[in-house]
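Presented below, as structure tokens, is a lone chain in the form predicted alone.
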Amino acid sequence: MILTVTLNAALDITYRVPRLHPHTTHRVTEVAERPGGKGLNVARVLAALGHRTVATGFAGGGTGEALRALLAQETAVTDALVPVGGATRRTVAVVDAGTGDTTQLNEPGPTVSPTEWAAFLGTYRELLGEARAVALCGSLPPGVPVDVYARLTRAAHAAGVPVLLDTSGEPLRRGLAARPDLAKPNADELAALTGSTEPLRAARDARRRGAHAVAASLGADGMLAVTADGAWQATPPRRFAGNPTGAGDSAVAGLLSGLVEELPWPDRLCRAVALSAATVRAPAAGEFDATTYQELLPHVVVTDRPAVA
């Protein structure tokens, strides 16, 4: 099975309005609720790709109960979330149906106590015994140590399990030092980490900081990967309008499934880019439009890039 970790899970709420105008009242035409946070979105897409998936992290309060009830309806994802006393956060995406633009509002998440953290570590170590790979995803709730992803990476490696790291800021910087098998920042996160706005140079720099490979999401320009075996950029055949929420998480699912299936790097990138674009066309985060994905997959363009300066 593949294990996903979402320490700051969320109940994702998507509102669709005909047109978003500040300082006015809006009539919502569609509402969708999904279990969310990066790792849960990744788990849902992995399950849709046919992989047995277990999701762990934290859930608590009324919001956490609602999240787990929705997750129970998704029989392909096993719930191994650890209870906490605080309430799971909500994230609200407001989609302008006219332009396709999305406004995102993210709550901070519950404070995790030392006892709750210890309970999670026990669950995580137990789940590693069955895992073929693990994805460490997203922001940290209050009370969780900032070097947590470095700790979880080392624990996974001790169990012989490869790690994909998808986070930002100080947790990313510290996590890289534990040498994850793959880091997946977006272009802005990569620039904040390295100080370079040139993606290829920044990806090389991030790899020198410890990651065995770096795959950087470039938005509409696709994805760039720098590895020990080479560097490639995958680009979709055209741009897509829609809700980008969760597109990066679908890309993570594509990369992680490719790792488990031992696909060549260009094939992993094609899958990640096609899934990401197909997610933009889907109505809610953590889903992808299967028809768009199948149509796009053979048309993603992969080009070689220089792996070293």
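In this text, rigid core is short for the largest set of C-alphas that superpose within 1.5 Å between two forms. Given the structure is predicted, the values throughout are model-derived calculations rather than measurements. The first residue of the sequence shown is number 1, and the count goes up from there.
Keep in mind the form predicted in complex with a further copy of the same chain is missing from the figure; the text below concerns it.
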* Partner proximity in the model of the complex: Arg52 to a further copy of the same chain, non-hydrogen atom cutoff 4.5 Å -> no
* Counting only non-hydrogen atoms and a 4.5 angstroms cut-off, does Asp229 reach a further copy of the same chain in the model of the complex? -> no
* To do: Please run the contact check for Val300 against a further copy of the same chain in the model of the complex: heavy atoms, 4.5 angstroms, yes or no?
  => no
* Mark Arg201 yes when one of its heavy atoms lies within 4.5 Å of a heavy atom of a further copy of the same chain in the model of the complex, and no otherwise. => no
* Structure fact -> Exactly one of Asn186, Thr123, Ser196, Asn106 comes within 4.5 Å of a further copy of the same chain in the model of the complex through a heavy atom, and that residue is Asn106
* Candidate stretches 178 to 186, 123 to 131, 95 to 103, 150 to 158 - the one whose heavy atoms come within 4.5 Å of a further copy of the same chain in the model of the complex -> 95 to 103
* Asked: in the model of the complex, do Ala220, Arg239 and Tyr293 all put a heavy atom within 4.5 Å of a further copy of the same chain?
  -> no
* **Members of 1 to 40 lying within 4.5 angstroms of a further copy of the same chain, judged by heavy atom, in the model of the complex** => Leu11, Ile13, Tyr15, Val17, Leu20, His21, Pro22, His23, Thr24, Thr25, His26, Arg27, Val28, Val31, Glu33
* By the 2 angstroms cut-off, has the C-alpha of Glu261 moved between the shown form and the other one once the rigid core is superposed? -> no
* Asked: Taking the rigid core as reference, does Leu297 move its C-alpha 2 Å or further between the shown form and the other one?
  -> no
* Asked: Fitting the rigid core first, would the Cα of His26 be found 2 Å or more away between the shown form and the other one?
  -> yes
